[in-house]
Structure formats: structure tokens, C-alpha cells
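What follows is a single chain, given as C-alpha cells, in the form predicted on its own.
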């Protein structure tokens, strides 16, 4: 029996891949998708979620959500995901304004479903709002998988903070202390889920005669260009796909119980996660079988275009890159 899951997302290149993976995995049944500000503005995120869902033949309702963090201004990651949020893919339709219905949709789905699983791939604004409006859903929810935060590795937005939690630290703080079955999937494990540059280049060749392959090549190539220019890595890290893979099979990771807080400062430590005796209780993925996750992504989404093993070097590539980055940090 598949797990019923609601996905809260801000597509976003890796979000698009994660949403497609969720649509294709037989272990999951997507009951709804809510969108949020983050990698792009919420209008584009909603448009992108519909485009990706249509391509993946996912029929779940898609509901627009929060256009801004709880108390801050939105700051989209256009340098990472492109002007439209999907890299070099330029959708034919513009993003249009829709009313924020995400919190209501989450509340309704949780009350209608038995121990519904949530998977949050962007800032936590929608989930925080839903719990604030209807505190009873905290006791009704099943596991909540959250891609966000950095525990013992450097951040992506600042030296210590990850983008999603930097974007809306107040929402992250609220969710942390909401007494949920919170399963955190931080940068500590997601940075190992690397699509090799060689696979993206092979996909680009196939894309010259296959429009579906071209869609993914155009999206991932932009992401890879960003990683090459800013992080000296040949390939791209698809963080959000890991949260979906773990929602389908939590045994792919090793989990640790922790108490965590998040910084609400306006400075360099904004969104930074720290251990605290008074922090919220969280179950954190600290080690992952990255090769198996990459094989799952390759097999489920790309086997029609790429030979078996095209993603096989990704985990080792990421390990070498992360080790090299740690050496550079030590020497600076």
C-alpha cells in the first residue's frame, strides 16, 4: 500500500526532479502539491509545479501558497535556478497570481487523511501557517520530511546556513517546536546526491532528438553551470530528491535524534542550525547510502535515455569535491 504524501515545494530545478520522482515511485501516492516562495517567486513556482506535474502525469491538485516569509521579504535564488526557476527551460506560459490556499489545503488534507506524510522541499512558511491556524493537525500528522538546514557541514546561503531555513527562519523555528514527527534531511546528506556532469552531457546529446530528454538537459545543465562556476564541481547536487527518496524508503539513511534551534538573527548566522538542550526534538538523517539513491533516481527517471550506471560516479565525485572544499576552507 503506497504512502499518501503531500509535497510542499518551490520549483526550482531539484524540486522539479523531486516532484517527478515522487510521481513515479510506486511506494508513494501524491495527494496534493502546495507551492511556496523560495527558489523563485510563488507565481512561477506554481506554474512550474503544474508544468512538471503534467509532464510526469501527476493528477494531484496543485495549490498556490505563501508569496513571502512570515516576517521577511522574499529573496528568490535566481542565480541558482534561473529567471523562470527551471534553468534554461523557458515555459510557454507566464506565472500568474493565485490566492494563497496552501495552509487551508494542508489542514484539509491532514484532517481527511490518516497520519498523512508531508514532504517540505522549500521554506516552511506554509506548514508553519497551517499549524498556527489549526494546532490540532500537529497531533494528526504522520512523518514530516523536511529538506533544510545544515548540522555539521558548511551552509549554501551563508557560511553556516542553508537556503530554505535562511529564507524563513521564523517558520523553521515554529515548525521545529511544533512537536511533530520531524525528519530533517539536511545538507550533511543531500550534498552527496550528485548528478555527474558526464550524465548531463549525455542527456544533452539525446535531447537533440528527444524533447523530454531536452527538458531535463536544459534544467540540469543550468544547475551544473552554476555548480561549476561557483562551487568548482562538475555536475549538480539534487538536494530535494533525497527527501522524496527517504519518504519512500527511510532505511536509505541512518537517523539520529537531536534537539535543534535555528538562529533568527539578521546577520551571517541567520537560519543557522545549532544543537540546544531546549531545542525542538528532531530525527535527523546524518548518513545516507548515496549510491543507492542515485541509482534509484537514474533507474526511475532517466533509464530511457542513459545507459545503466550513468549516475554511478556521482556519490564518489561528491565525496572528493566535499573533501577538497574542506581542505580549501582549512587553508583559508
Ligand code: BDR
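Numbering follows the first chain given and starts at 1. This one's a predicted model, so the numbers in the text were calculated from it and none came from an experiment.
The same protein has a further form, the form predicted in complex with the named molecule, not shown here; the description that follows concerns it.
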For the named molecule in the predicted complex, the stretch among 67 to 75, 255 to 263, 155 to 163, 199 to 207 with residues bearing a heavy atom within 4.5 Å is 155 to 163
> Is there a heavy atom of residue 193 lying 4.5 Å or less from a heavy atom of the named molecule in the predicted complex?
Replying inline: no
Report task. Would you check, heavy atoms only and a 4.5 Å threshold, whether residue 35 touches the named molecule in the predicted complex? Result -> no
* Is residue 233 close enough to touch the named molecule in the predicted complex, meaning at least one heavy atom pair within 4.5 Å? -> no
Residue-level contact is defined here as any heavy atom of the residue lying within 4.5 Å of the named molecule in the predicted complex; does residue 223 satisfy this criterion? yes
Of 121, 242, 127, 172, the only residue with a heavy atom within 4.5 Å of the named molecule in the predicted complex is 121
With the partner omitted here, the residue among 184, 110, 187, 219 that in the predicted complex has a heavy atom within 4.5 Å of the named molecule is 187
Of the residues spanning 15 to 52, the ones with some heavy atom within 4.5 Å of the named molecule in the predicted complex are 15, 39
